[in-house]
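A single chain comes next, written as structure tokens; it is the form predicted on its own.
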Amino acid sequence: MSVPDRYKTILLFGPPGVGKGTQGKILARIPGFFHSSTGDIFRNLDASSELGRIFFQYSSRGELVPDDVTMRIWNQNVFANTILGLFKPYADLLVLDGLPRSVNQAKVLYRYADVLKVVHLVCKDKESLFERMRKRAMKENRADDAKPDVIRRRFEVYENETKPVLEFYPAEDVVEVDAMNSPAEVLHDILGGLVKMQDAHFNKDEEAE
């Protein structure tokens, strides 16, 4: 099966609990977008497997999974979805949620992904995110988000290791969206920055045919 050298990609970026997964799942329902959530990929790992044990070891402390493990699992998952025909890289824009989480991951990701736009979901009220994550942990039975000290550690890791990723990408490719608006308004703002990009990608695919 033929695949492009680098996937045309949109990043959903922001701190824990900001709504990346929610918006990614909504976008996935729109033809032409394929949502890849690193968190979902990890949580679906067999807990008794080697990779599953590695994930739990780090997530239970609110820390990042080692870069080599993260990138290997993610790349295998995206390729598998391509083989299954769920992700059509010549027609779909890849929407990444939860990756990259460090500057080193951003450098490795460059080999696989041509990042066209970074949607930075912004929330200045960290306590609101903290409460949102606690409620989500109860609703979705997420053990990694259930303990306050683990949640706060995740925010520390984001500030120290993940937030600097923004500087890896050109400022003109970063779009800031207020994540505390209603989900519909957040989606509206996201699509405002992506519609023309999707049109260009779709029309290019049509011309190729």
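Heads up: residue numbers just count along the shown sequence, starting at 1. Only a predicted model underlies this, so the values are computations on that prediction, with no experimental measurement involved.
The same protein also has a form predicted in complex with adenosine-5'-diphosphate, omitted here; what follows describes it.
ask   = Counting only heavy atoms and a 4.5 Å cutoff, which of 175-183, 44-52, 64-72, 26-34 contacts adenosine-5'-diphosphate in the model of the complex?
value = It is 64-72 that comes within 4.5 Å of the partner.
query = Do residue 193 and adenosine-5'-diphosphate come within 4.5 Å of each other in the model of the complex, heavy atoms counted?
reply = It does not: once adenosine-5'-diphosphate is placed as it appears in the model of the complex, residue 193 has no heavy atom within 4.5 Å of it.
task = Mark residue 77 yes when one of its heavy atoms lies within 4.5 Å of a heavy atom of adenosine-5'-diphosphate in the model of the complex, and no otherwise.
result = No.
request  = May I ask you to check whether residue 98 falls inside a 4.5 Å heavy atom distance of adenosine-5'-diphosphate in the model of the complex?
outcome  = Contact check for residue 98: yes, within 4.5 Å of adenosine-5'-diphosphate in the model of the complex.
message = With a cut-off of 4.5 Å between heavy atoms, is residue 136 one of the residues that contacts adenosine-5'-diphosphate in the model of the complex?
response = Yes, residue 136 sits close enough to adenosine-5'-diphosphate in the model of the complex that at least one of its heavy atoms falls within 4.5 Å.
ask   = Hey, which residues along 152-166 are within 4.5 angstroms of adenosine-5'-diphosphate in the model of the complex, non-hydrogen atoms only?
value = Residue within 4.5 Å: 154, and no other.
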